[in-house]
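First, one chain by itself: the form predicted alone, in structure tokens.
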Amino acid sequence: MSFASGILTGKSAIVTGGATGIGSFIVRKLGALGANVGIVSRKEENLISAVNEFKASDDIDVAWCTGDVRDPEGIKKSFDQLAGKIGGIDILVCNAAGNFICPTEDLSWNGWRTVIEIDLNGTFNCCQAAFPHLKESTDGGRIISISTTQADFGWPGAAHAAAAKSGIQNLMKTLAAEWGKYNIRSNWISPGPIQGTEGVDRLIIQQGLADQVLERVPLGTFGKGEDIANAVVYFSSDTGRYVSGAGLAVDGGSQWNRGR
């Protein structure tokens, strides 16, 4: 998909988990369209490597700051620091996530808690940390959370992630209702299987499920990171100015083909 050149010029965006996977595609797209982008992750080496790669391959200068989304006070300091570097926060992309395959009867409390803390609590912490900055956005703040189509169904082997992502979607609906008066839009994107991501590699390919998963995708292929990035741009730009509390499935139609 092609957007108008410079459609996000003057906008400032933070992408959590933006150093790798889907997050890195989102960073590239936002930066290419003119946004000032900052990324947050726990590992400094990943951040430095990603920022160098963005500069070398895409000629994009990306700011960075270490931060753990599970730490509300720490992530607030990280966001405030990044806001100073990139000129505020107009767009927040909550992308940081964790998951692993485990039958519910074998799932430990620590395993459950860890995924809930990263995915659901982390999204809440980031929204609160960004809130003072989003309120100041000239054209209205945007929150885009990365969910999954599995949040709308049962997810055998990933009850922790399914519960967390379902909670994220409800949080976005609630923020749309509460924060609309501040001109903040809150939406979410539900990716299907996206090739080249840790989720597909670890949860699908390494489990020997690639053929089985593709059979349920009407379009017959895995998605690409750029497909998710394009959806983020839709919500971030004027194209999505009257959309709030909504979800966009980017999954090749697979959520409607679960009976196969």
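This one's a predicted model, so the numbers in the text were calculated from it and none came from an experiment. In this text, residue numbers run from 1 along the sequence as written.
The form predicted together with a small molecule is left out here; the points below concern that form.
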{"property": "Region of this chain that lies against the small molecule in the predicted bound form, out of 128-136, 100-108, 142-150, 171-179 [heavy atom, 4.5 Å]", "result": "142-150"}
{"property": "The small molecule contact in the predicted bound form: Val27, any heavy atom under 4.5 Å", "result": "no"}
{"property": "Contact test in the predicted bound form: Val69 vs the small molecule, heavy atoms, 4.5 Å", "result": "yes"}
{"property": "Any non-hydrogen atom of Lys55 within 4.5 angstroms of the small molecule in the predicted bound form", "result": "no"}
{"property": "4.5 Å heavy atom contact, Gly34 to the small molecule in the predicted bound form", "result": "no"}
{"property": "Contact residue in the predicted bound form, chosen from Val200, Ala229, Ala63, Ala50 - any heavy atom within 4.5 Å of the small molecule", "result": "Val200"}
{"property": "The small molecule in the predicted bound form reached by all of Ile22, Asn95 and Pro191, non-hydrogen atom within 4.5 Å", "result": "yes"}
